[in-house]
Each structure stands twice: as C-alpha cells, then as structure tokens.
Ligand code: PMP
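For reference, the chain that follows is the form predicted alone, supplied as structure tokens.
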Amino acid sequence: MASSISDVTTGIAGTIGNTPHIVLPKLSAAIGRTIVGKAEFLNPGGSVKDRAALGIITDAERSGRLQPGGTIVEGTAGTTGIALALLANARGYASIIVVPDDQSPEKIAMLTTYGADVRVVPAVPFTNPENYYHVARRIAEETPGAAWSDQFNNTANRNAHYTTTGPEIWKAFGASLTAFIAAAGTGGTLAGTSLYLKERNANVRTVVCDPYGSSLYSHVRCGTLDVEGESNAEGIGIKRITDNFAGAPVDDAIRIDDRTMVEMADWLLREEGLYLGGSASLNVAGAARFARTLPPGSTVVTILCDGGDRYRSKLWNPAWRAENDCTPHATDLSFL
C-alpha cells in the first residue's frame, strides 16, 4: 500500500516530535487517575532533547550564528549532545560535545559512534571554571566557525517545546487535562510546555518533579535555592535558575528520591512493558504521587524522556544499584 503524504518526510528533522501519548493502564487503575507518558524516547535520537536540539540549530541558522560547514559546541550530560550530533551530521556541521565524567559510559560511546568530537572533563561544581558548561563556552569562543548551543540559557530550547510539545499535549487532551509534571535540567521542556498549556487553560496544574540535590523544589515552594540531599539521576536537577526556567508558570513542586526512581523503573518494565531511563521513571513516580492529591478521574501527563538502554551500566546495573543502596524490593506500588 502506498504511503500518504503525511507519512513521508525529507530528512531526520521531520521525524522529531508528534510522539505518542501512552496511557499507563495498570498505574492509572491502581490510583484511580489517568497517568499518561509522552513517549519522547521514540524520537530519532532517542530522547526529548531532539526537540531542543532542532530548535537551537534552526535558530542559530536563521540568525546567521551557524554557517554552512560550521561547528556546533555544547556542554551536556550526554543526551542533548546525542541529538545535536545526529542533526549536525544531517545538516553538514561538525560537533564538539563536552561531557562530565560522571555520566553513563553508554552515552559517551554513542557520541563517539555518531562522530562527535567528545571532550570528557571532570565533574565539578558550576562555580568551578572547569565545569563542563564553562569549558564548552570557551571551546566555542576559540573555535573558528563555531556556535555554542548553550541549552541552559538559549531560550530557543524553551520555544521548541512551546511550539511543539505543548500544542501536541493540548491537541490530545484539551480541557480534560488536569496537570502536567516534569523534571527539569535546562528547564526548557517544563517551561515551554507549561507556558503553552497555561495560555490555553490557566487551571492546568504545572509541576516540577525534582530529584534530591537540586534547588528547584525549594525555589518553587519557598523562593530559595536551598539544596537537600543528593541524587544520581542524570541530566535533571540543577542548583541555579536558567534563562529557560526563569518565569515559567510552575504551580507546585514534588521531590523524588533515587530509590523511588529505581523502584518505578523496575515496576514500569515489569508491569507496563516500558524500559526507561531514570528521568522518565522519576517523572512517572512524581506524576503518580501528585495525581493522588487530585480528584479521582483526573488526567496527568508527564514526559518519558528517554529509554533505558543508555543506562545499562548504571541505573539498570545490579552492582550499581547495590552500591548506591537502590536495589528495588517492592512487588507493588507501596514505594509511592
């Protein structure tokens, strides 16, 4: 059977977005509210960061900061770098990706496979000039023809979600949507999506799902940047307010610990057939907990950021779980 025009796209960029919304039937039945995961792991680069990467590159091309044959530079926990490297290949750019050494080796290996010039640097605080963010900025400044994508403060990131993720969720659920909840690293996904949804219905609850060791929970709840505890979650949580997060219409915050994140990862694989990464599992745990505070029948949407395969040596590794006191034991949802 011949494909319709809507099934045909030119280039990888055309396959980014319009991801499915997956109702989680067992979880929804257990708590009496509809929990929905937006399947961002089905993007071509395997994560929600494909949207930001496309938005950033397109904006840099339009502004003239990125010229044919140029180089894209980014400091990243790995996932945004993967998306940028793939799009750079497709559009004829080189890519230099700076990654802290505490990220999963699978992501670093993927970046190398995709042809990026990968610079692995020590994981140090943001205040240290050798932090991966600052190293990437300096490399961009010193490299002829380079454009620094700056995913944290470049609001083309947020705008990508305002123009795609938010409208997709609203089209799917409209007035039946009760709440949107997501973790934040750069803040682009949460802020851009929340801005769009709030414009359509101010009553939609928007919530940041924060790991320990991050300041966003205290920022939303108390107006401070206090930090409590620590987390091994990759790519989410931050101790400062980025330009992407600033001004986001966030109503509330919930905090999820690493053990709950790992328990939910196992539960989702075992019960829903979803093999996900830590940020996605944390999001679902947060969505379920927050949903319990809402009236029965509410609909809560969250982001399934990426799949589990790029975390095999850490989140899905029994030795890593034992070392970090995160070995799952629950056979039900009692961990919530």
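Numbers for residues come from their place in the sequence shown, where the first is 1. Model, not experiment: these values are computed from the prediction.
A second form of this protein, the form predicted in complex with the ligand, is not displayed here; the remarks below concern that form.
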Y311 near the ligand in the model of the complex, any heavy atom under 4.5 Å?
yes
Would you classify E234 as touching the ligand in the model of the complex, given a 4.5 Å non-hydrogen atom cut-off?
yes
Although the ligand is absent from this view, report whether T189 comes within 4.5 Å of it in the model of the complex, heavy atoms only.
yes
Using the partner position in the model of the complex, report whether D50 sits within 4.5 Å of the ligand, counting heavy atoms only.
no
Assert contact residue (the ligand, in the model of the complex, non-hydrogen atom within 4.5 Å, options T79, S214, T165, S95) equals T79
Though the ligand is not shown, can you say which of L87, I181, A184, V262 has a heavy atom within 4.5 Å of it in the model of the complex?
A184
Interface stretch in the model of the complex with the ligand - options 286-294, 66-74, 301-309, 27-35, non-hydrogen atom within 4.5 Å
301-309
